[in-house]
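Taken one at a time, structure 1 and structure 2 that follow are two forms of one protein chain, written as structure tokens.
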Structure 1
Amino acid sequence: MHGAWIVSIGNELLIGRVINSNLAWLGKKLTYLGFNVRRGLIVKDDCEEVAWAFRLATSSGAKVVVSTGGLGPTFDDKTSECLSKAFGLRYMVNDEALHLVSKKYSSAGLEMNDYRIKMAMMPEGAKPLPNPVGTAPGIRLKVGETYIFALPGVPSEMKAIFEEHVEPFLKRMGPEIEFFEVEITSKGLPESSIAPVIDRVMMRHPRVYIKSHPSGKELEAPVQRIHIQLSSKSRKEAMKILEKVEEELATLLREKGAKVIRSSRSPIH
């Protein structure tokens, strides 16, 4: 089974100023994508520490290493430079990244400066991953047989880059599994009432991923399209689990007063 490690970079995690929700989110996603999440390393914003973490992870035979943190413009954001040092790669301005970052600042009417250029500096050979929500691009780097994905620490940015640029990549190069999805629609319950129900069901079914997409208005006429996703080698097994989870979720939502309709059922890739 393909192995994955998660590296969380940031002093604030170790002094307890921030709870590491990113690791849990990534663990769930990587598990859903068919990876065996083997270890998590929490390190400071310090090159010796960051280099140690990446080198240990790549030498372990992991297929994928995902890091969060240290990609911003300030002096304590060192992940890109430390990643370069870790593998003896030239730390340089990546043209594609520079274009991405410059565009964001010029459309905000701002000039580039050293701090902003820093966000376009990457290990030689890296591929920048555009940031749909913020500014600092993520980094994809292949070291030996391992793919490293370095993402921002800000959860909304990390998740957006992961879903847009990492997840599709991992589906292509990852384990031979198919992705199955069932969609239900819930009417009458605000998304804030649905969220805890979804969390409960997801906790009971570790391999299932559930996302809700609101349409309608949160309080006046709330409607959510809820996608229940599962990865599996076996279509038969997947559909069995999905039906069970759909039933469970629909029952809980109806108990809370929602009207629940089944929308669609099909494998997605």
Structure 2
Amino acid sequence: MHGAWIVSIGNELLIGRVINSNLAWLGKKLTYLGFNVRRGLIVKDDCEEVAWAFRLATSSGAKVVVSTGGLGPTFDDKTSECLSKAFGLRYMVNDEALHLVSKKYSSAGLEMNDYRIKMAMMPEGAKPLPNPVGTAPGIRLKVGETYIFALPGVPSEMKAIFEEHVEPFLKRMGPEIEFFEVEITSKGLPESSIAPVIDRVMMRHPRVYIKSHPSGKELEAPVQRIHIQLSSKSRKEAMKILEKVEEELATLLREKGAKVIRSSRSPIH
């Protein structure tokens, strides 16, 4: 399974001013596309930090790196420049990106200036990704065997570029597998009581990953949402395995006195 890293860039994330919802959204998207999300990094708007994160990801063998933040016109938007420095590439105006940016501002009756031209500056060899929501294009760059996608930090812009331009690309180059998941809910047993049951089932089915998420009052009215996850090339095979594991887990939990509810029998992929 191809490894993927997510790099979140922005001081606002580190000081708690902005919640990093982009990381969760991208992690889910990449996982469902069949990628193994191995690491998520958050770094401040500092060239040394940003360049370090990109170099670390590529040197660690990531097939895909997706970054968010730092592509706008302000002084602290440094991602494109730092990406260039990270790999010794010329930082230059990308003609295609310049066309995209100038077209946006022209349609609003605004002229180009240095701050707007900045959003068209990219590492040499980069491919701009049109932004259907905002003005700053995303960036696609291949470094060795790694594809790097730099996206805006604004969630609506990031999601739009990812779904229109990154996701189709990853589907073409990515692993020919899908991610499947079913969920059951266990009531009446604390997480420490169901942990050995989960371990037992996972030992019998090493391809399956089972994770419990507690809610409610753990020692008074415990509720455990349990996700059963599997990656497979075959939907038919995945459904057969998931149904078997789901039934086995539910049976063992009932034997321990839990009430089991099948919250979702349809795989999410």
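Along the sequence of structure 1, residues get numbers from 1 upward. By rigid core we mean the largest C-alpha set that fits within 1.5 Å across both forms. Just so we're clear, the structure is a prediction, and the values are computed from it rather than from any experiment.
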| request: Mark the structure, either 1 or 2, that is the form predicted together with another copy of the chain. | output: 1
| Do you see a C-alpha shift of 2 Å or more at residue 250 between structures 1 and 2, with the core held fixed? | yes
| Does the C-alpha of residue 187 move 2 Å or more between structures 1 and 2 once the rigid core is lined up? | yes
| query | Quick one: core overlaid, is residue 198 moving 2 Å or more at the Cα between structures 1 and 2? | reply | yes
| field | Rigid-core-fitted C-alpha displacement of residue 226 between structures 1 and 2 (angstrom) | value | 23.1
| said: If I align on the rigid core, how far apart are the two C-alpha positions of residue 237 between structures 1 and 2? Answer in Å. | reply: 3.7
